[in-house]
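Here you get one chain, nothing else, as structure tokens; it is the form predicted on its own.
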């Protein structure tokens, strides 16, 4: 046996434990779920092959598309604010000589390592209608209690109610319950984006700013023409990561609005999938929804790579 073959065998031997775990716990369940998405199955009786019926039912279901719109509301609510506040705090913490900067960095990162379930329980307590801190503060300023987690009206529709204008359901905006969940998502993402932006800021050479200052550029122009372009790799990375994670939100919704919110206004795709699988036992249909969601995440990622990657400074 020659040395090259020995090295090849040793290589496969060393990767075999990880490969076995991936095959058993990732690839096989994925292929099995895809196979079962073409079946009607309630986990207690024989699976019946139905072809593309589950996919057709999902794509023609009003509930499925409503859950997609609620998911889109969540993504569009969490993504930009997570990036904005992360960059804002990173700029504040960029100066490593500031007193207590290490403590501030730890505080900003704590929500990232906080359990989503524990965070959801905390936000649920804050925004309770009867004894929540948010309503207590509103009462102190002479306001009335707000039904944060039980009002199904979209926030845009609440504004247009003052003018007696009724918007279509799609255009009514997220409900207050979904807004609270979006706030939780932003709170948990900001620390991560702060750390990533902080690393990006520290990698920018000060010579760029010195040259800009010699040319008479203001701090705003330096930020717009130097900082933002050089941070574009960090921004692109964060957009990809937050988009994928936002499409998969589930835990906070299950804890704060276990029934899907008022009139299902917090029933995002993963929560809709969960209820179909474990409340109604439509496992085949739920698997079809899961693969449709995977396809949409893939399309969103491809779109970002195709149209946004070209704007990334190299």
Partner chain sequence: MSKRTNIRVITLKHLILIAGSFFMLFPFFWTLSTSFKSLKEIFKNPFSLLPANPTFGNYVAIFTKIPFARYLLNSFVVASLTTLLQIATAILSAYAFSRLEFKGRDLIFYTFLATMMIPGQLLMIPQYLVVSSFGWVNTYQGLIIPYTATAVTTFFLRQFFLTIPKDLEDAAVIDGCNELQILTKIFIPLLKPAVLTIAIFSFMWSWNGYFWPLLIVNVPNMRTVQLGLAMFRTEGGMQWGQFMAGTVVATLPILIAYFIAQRHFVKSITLTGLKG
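Residue numbers count along the first chain shown, from 1. Because the structure is predicted, anything quoted here is derived from the model rather than measured. Under this definition, the rigid core comprises the largest set of C-alpha atoms superposing within 1.5 Å between the forms.
Beyond the structure shown, there is the form predicted together with its partner chain, which is absent from this document and is the topic of what follows.
*Asks:* Under a 4.5 Å heavy atom criterion, is residue 126 part of the interface with its partner chain in the predicted complex?
*Replies:* Because a heavy atom of residue 126 falls inside 4.5 Å of its partner chain in the predicted complex, the answer is yes.
*Asks:* State yes or no: in the predicted complex, is some non-hydrogen atom of residue 171 no more than 4.5 angstroms from a non-hydrogen atom of its partner chain?
*Replies:* Answer no; every heavy atom of residue 171 is more than 4.5 Å from its partner chain in the predicted complex.
*Asks:* Wondering, does residue 162 line up within 4.5 Å of its partner chain in the predicted complex on heavy atoms?
*Replies:* Looking in the predicted complex, residue contacts with its partner chain do not include residue 162, since no heavy atom lies within 4.5 Å.
*Asks:* With the cut-off set at 4.5 Å between non-hydrogen atoms, does residue 250 touch its partner chain in the predicted complex?
*Replies:* Residue-level check for residue 250: yes, a contact with its partner chain.
*Asks:* Where does its partner chain sit in the predicted complex: which of 74-82, 207-215, 221-229, 110-118, heavy atoms within 4.5 Å?
*Replies:* The contacting stretch here is 110-118.
*Asks:* Identify, from the list 65, 278, 49, 35, the residue with a heavy atom within 4.5 Å of its partner chain in the predicted complex.
*Replies:* Partner contact (heavy atom, 4.5 Å) among the options: 278.
*Asks:* Among 138, 244, 167, 155, which has any heavy atom within 4.5 Å of its partner chain in the predicted complex?
*Replies:* The residue from 138, 244, 167, 155 that makes the contact is 244.
*Asks:* For the heavy atom contacts within 4.5 Å of its partner chain in the predicted complex, list the residues of 271-299 involved, in sequence order.
*Replies:* The stretch touches the partner through 273, 274, 278, 283, 287, 290, 291, 293, 294, 297, 298.
*Asks:* Rigid core superposed, CA of residue 299 - does it shift 2 Å or more between the shown form and the other one?
*Replies:* Result for residue 299: no, shift under 2 Å.
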